[in-house]
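Shown here is one chain on its own, the form predicted on its own, set out as structure tokens.
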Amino acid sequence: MAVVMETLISTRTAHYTSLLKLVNHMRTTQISLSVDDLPKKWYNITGDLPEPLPPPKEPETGPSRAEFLGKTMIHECLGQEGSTDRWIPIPEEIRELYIQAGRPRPLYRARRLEKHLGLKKVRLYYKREDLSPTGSHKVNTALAQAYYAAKEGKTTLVTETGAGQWGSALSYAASLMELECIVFWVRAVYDWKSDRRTFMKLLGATVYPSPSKETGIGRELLAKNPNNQGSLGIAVSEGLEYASQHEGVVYSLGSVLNYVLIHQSVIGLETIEQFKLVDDEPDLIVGCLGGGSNFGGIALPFAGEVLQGKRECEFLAAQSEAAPNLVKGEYRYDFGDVAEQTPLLKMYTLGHLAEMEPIKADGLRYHAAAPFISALRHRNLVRAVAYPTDERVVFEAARMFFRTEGWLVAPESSYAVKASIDEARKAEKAGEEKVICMNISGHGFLDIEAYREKLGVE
């Protein structure tokens, strides 16, 4: 009798659990994890790649770039850069910083956008990385890097920034760890984002337009062209040079390198667990991509499961035609900066000296894609699309999202929104049932000027 009762209870429990998941799937808009569910380890896709990641190389001439980075960058991060361990423990102190910064972050079902688009077969989800103290996903690696720098006895962090999200995140992290912060900001963006500049300075950061007169490479470029609008590659060069010439200063990078994408893996790890709560799973992961940190953050944990044979999923990177490194770039070794201070990395690249038209989504204006992403692209596991540099079509998609889902995404994130809408419409027209998940890298509340200009809204 006891066995019969136990079986009956087990059956009813399983039925109730399935019913609860069905109800959640039908009604849930926000899917949240508890603080206890925050990942305890970062994911490193290196060990799951079908073949070893091509190692960094020294150029044929000049000093050792590896030795240079060893003197200018955070040692713990460089150790993670070359790690082949699938899982890297997150120190408890960093987990506490993540919790203070609002992790875990919710996953949302875009029901109002689905209704507006008339979707019957397609379900849309988005991960809200804008819900951080500085408004973007960049905090995930900024906190880790600031923690390790302080632990190594450094006094100052120096970095580059394009759209300003990374500079804001590192300024925030440095403030929490009682470190100084110096930001070299692409001049084309520095000149119009006055509110974001004030934001960084409120956090105690020193901010220079790049190219600047603070470094040799900056002075050289300004001598050639006083109106040089700058690029991420130039700002990286300035940050590295500054770190090499000042005691106690360490360079902190916001994208591209392996360790940055490893830190960002908390995004995808959380998202995997959130889909389980509603008994659903994505067929397509979409993210904007310049260097690759936010795209890699959500995509790599899913891609790892694809490589392990645990799931089927596709991946789409949304780019600008100003810097379509995955669309038009070549898979070869190249420098990560204009001044050629980094080792040569195997990436999809437009060339480290490529001239790229300034755009409002400047976080996407980088000449190369991260080695992790490039390796997946090379094996056709990642697709890419590039949108026009006038940006109107992507900003229109952001406006549609704003009017349906109720909040304004960052200019960079508008590319992910546009690509997701395009894919949804394509699948719906074909009568294909599909689940699309986009990663929203940040909010656009400090980017109103860009939307005003591109959409003609007064």
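Because the structure is predicted, anything quoted here is derived from the model rather than measured. For every residue, the number given is its place in the sequence shown, counted from 1. Between two forms, the rigid core is the largest collection of C-alphas that superpose within 1.5 Å.
This protein has a second form, the form predicted in complex with another copy of the chain, left out of what is shown; the following refers to that one.
K.L.:
I have Glu92, Trp407 and Tyr451 flagged as a candidate spot, so tell me whether each of them has a non-hydrogen atom within 4.5 Å of another copy of the chain in the model of the complex.
P.N.:
Yes: Glu92, Trp407 and Tyr451 each sit within 4.5 Å of another copy of the chain in the model of the complex.
K.L.:
Okay, which stretch from 394 to 402, 424 to 432, 44 to 52, 66 to 74 lines another copy of the chain in the model of the complex, with non-hydrogen atoms inside 4.5 Å?
P.N.:
So the stretch in question is 394 to 402.
K.L.:
Examine Asp36 and determine whether its closest non-hydrogen atom to another copy of the chain in the model of the complex is within 4.5 angstroms.
P.N.:
Contact with another copy of the chain, yes.
K.L.:
Should Arg197 be counted as a contact of another copy of the chain in the model of the complex, where contact means heavy atoms within 4.5 Å?
P.N.:
It does: once another copy of the chain is placed as it appears in the model of the complex, Arg197 has a heavy atom within 4.5 Å of it.
K.L.:
Spell out, yes or no, whether the shortest heavy atom distance between Gly351 and another copy of the chain in the model of the complex is within 4.5 Å.
P.N.:
Contact with another copy of the chain, no.
K.L.:
Quick one: does Gly102 come within 4.5 Å of another copy of the chain in the model of the complex, counting heavy atoms only?
P.N.:
Gly102 belongs to the contact set for another copy of the chain.
K.L.:
Work out which of Glu220, Glu273, Glu96, Glu330 lies within 4.5 Å of another copy of the chain in the model of the complex, going by heavy atoms.
P.N.:
Comparing distances to another copy of the chain in the model of the complex, the residue within 4.5 Å is Glu96.
K.L.:
Can you pick the one in Gly216, Pro388, Gly204, Gly79 that has a heavy atom within 4.5 Å of another copy of the chain in the model of the complex?
P.N.:
Of the listed residues, the single hit is Gly204.
K.L.:
Hey, which residues along 305 to 325 are within 4.5 angstroms of another copy of the chain in the model of the complex, non-hydrogen atoms only?
P.N.:
Heavy-atom contacts to another copy of the chain in the model of the complex: nothing from 305 to 325.
K.L.:
On a rigid core superposition, would Pro104 pass a 2 Å threshold for CA movement between the shown form and the other one?
P.N.:
Shift at Pro104: below 2 Å after core fit.
K.L.:
State yes or no: after fitting on the rigid core, is the Cα displacement of Pro209 between the shown form and the other one at least 2 Å?
P.N.:
Yes, the C-alpha moves 2 Å or more.
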